[in-house]
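Quick heads-up: it's one chain on its own, the form predicted on its own, in structure tokens.
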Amino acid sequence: MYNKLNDRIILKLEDIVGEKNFVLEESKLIDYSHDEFSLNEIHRTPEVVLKPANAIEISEIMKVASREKLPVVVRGGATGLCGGCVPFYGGIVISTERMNKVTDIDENNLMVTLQAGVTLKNFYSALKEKKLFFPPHPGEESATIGGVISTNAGGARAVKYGTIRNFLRGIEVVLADGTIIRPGGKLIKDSTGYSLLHLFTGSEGTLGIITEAVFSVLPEPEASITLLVPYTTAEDALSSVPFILKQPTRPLAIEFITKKIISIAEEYCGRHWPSINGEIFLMIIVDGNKDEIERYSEKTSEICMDHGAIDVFVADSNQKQEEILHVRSMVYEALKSATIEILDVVMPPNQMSSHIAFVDNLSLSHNVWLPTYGHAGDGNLHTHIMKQALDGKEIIDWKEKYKQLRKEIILDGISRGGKISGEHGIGLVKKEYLEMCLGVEYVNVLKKIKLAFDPLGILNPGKIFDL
């Protein structure tokens, strides 16, 4: 299907990026064979890793790859959870690690230009110095800009501000044949032709290689408050959400999580969640004008108490809020060692309670722990399929149970008007469910788009669907 590298091609590629930015040693190539998905059965080692400095060098690489019919996969922080940057057919991995500069912070237009390899952590730090704010927060701050655009990453703040797509204004992209195009720009409005900007967003590197981005940003909010609201049941907690969202002020985030999960995260990170009674928590964050958010907090507390809340804990100091957020952010790491896969099914918010009840019944009937939490304000739930039984012991036949459980959870989400991914993407591991979710005709349209941009099928082959 694809050709292999030979000495002539290797010399040409090395000439493009330089000897120091060219990896051929097998012991080093292994580091580029995987992302954060737990099962090593999808790992594949590339033939070579290249570390270009800019779009020009990537363009030259793609000209060679196109001419020689070599598969190419782009890799950022490799924080993905579905094999999106795994070089499944070997070939070339392009690492954006050298493309790590924030090139322009335009305070007059509230726009920031940065290269694809900039990490979220460094992006947030650069903005903090200017008292600016980039609302999307996908979670893992070692993720890179190119990666979060390629998956249209979301995170907890999507309920108020939306996903990466809502702040992306322009990109520089290298196409499969080496052509460089620049959809969008420092623009709020743009009705000039087809919106390729939005087509590349969420395309997981299958249509082009994003090398630079322009994002709109906001001034830092004046203040924020975090409410922790404990309940006895998930049904009570989630019944509060529609009424919270109907208020004139929209919350920054509404997170749903269980006491058991939080206890494990506390033990893992050595920090503490406020000691309040309850089995289920809503974590509600609001930002904006100080007087406005104080009024909002009072009204939200009333709504929650009217819908079965046990109490409301108000964290109004930065220290208290940071402590709560840190424990919440450690949940994935705390569960990681026993996790097979973390799903990110998304559905209409009013379907969450029924879906969680379905997952809980599945957990009991199969004696598998399936911890579920997520973004209650936007219907995006994360279920961890674990290697553990309900008593904490490891399950011997977890591989067979895993396949059955993931299918049942995903199909239940689809049956409720949902989709198989709210923010992680499809990659390698979810593509078998794509036609079940979207239908054959829809997927055929996606395939036609792929072939229009990449007729040889060399860009991140095997991801999202098979041609």
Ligand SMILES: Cc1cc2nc3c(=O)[nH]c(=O)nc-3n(C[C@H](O)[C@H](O)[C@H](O)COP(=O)(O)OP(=O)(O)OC[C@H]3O[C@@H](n4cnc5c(N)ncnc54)[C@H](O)[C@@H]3O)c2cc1C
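Since the model is a prediction, treat every value here as computed from it, not as a measurement. Sequential numbering from 1, following the sequence displayed.
The form predicted in complex with the named molecule is left out here; the points below concern that form.
**OP:** Give a yes or no for Glu140: in the predicted bound form, does one of its heavy atoms lie within 4.5 Å of a heavy atom belonging to the named molecule?
**Re:** Taking the distances in the predicted bound form, the answer for Glu140 is yes, it comes within 4.5 Å of the named molecule.
Original post:
Using 4.5 Å between non-hydrogen atoms, is Glu204 touching the named molecule in the predicted bound form?
Top reply: Glu204: yes, in contact with the named molecule in the predicted bound form.
Original post:
Any of the heavy atoms of Tyr231 lying within 4.5 Å of the named molecule in the predicted bound form?
Top reply: Outside the cut-off, so no.
Original post:
Does the 4.5 Å heavy atom contact test between Ala78 and the named molecule in the predicted bound form come out positive?
Top reply: Yes - in the predicted bound form, heavy atoms of Ala78 and the named molecule come within 4.5 Å of each other.
Original post:
Taking the named molecule in the predicted bound form as the reference, which of Thr226, Thr300, Thr383, Thr96 has a non-hydrogen atom within 4.5 Å?
Top reply: In short, Thr96.
**OP:** Answer with one of Gly184, Gly155, Gly178, Gly90: the residue that has a non-hydrogen atom within 4.5 Å of the named molecule in the predicted bound form.
**Re:** If I apply the 4.5 Å criterion carefully, the residue I get is Gly155.
Subject >> Stretch in contact in the predicted bound form with the named molecule, which is absent here, among 265-273, 360-368, 206-214, 232-240 (heavy atoms within 4.5 Å) >> reply: Checking each option against the 4.5 Å cut-off leaves 206-214.
Subject >> Partner contacts in the predicted bound form for 393-428 (non-hydrogen atom within 4.5 angstroms of the named molecule) >> reply: Result: Glu423, His424.
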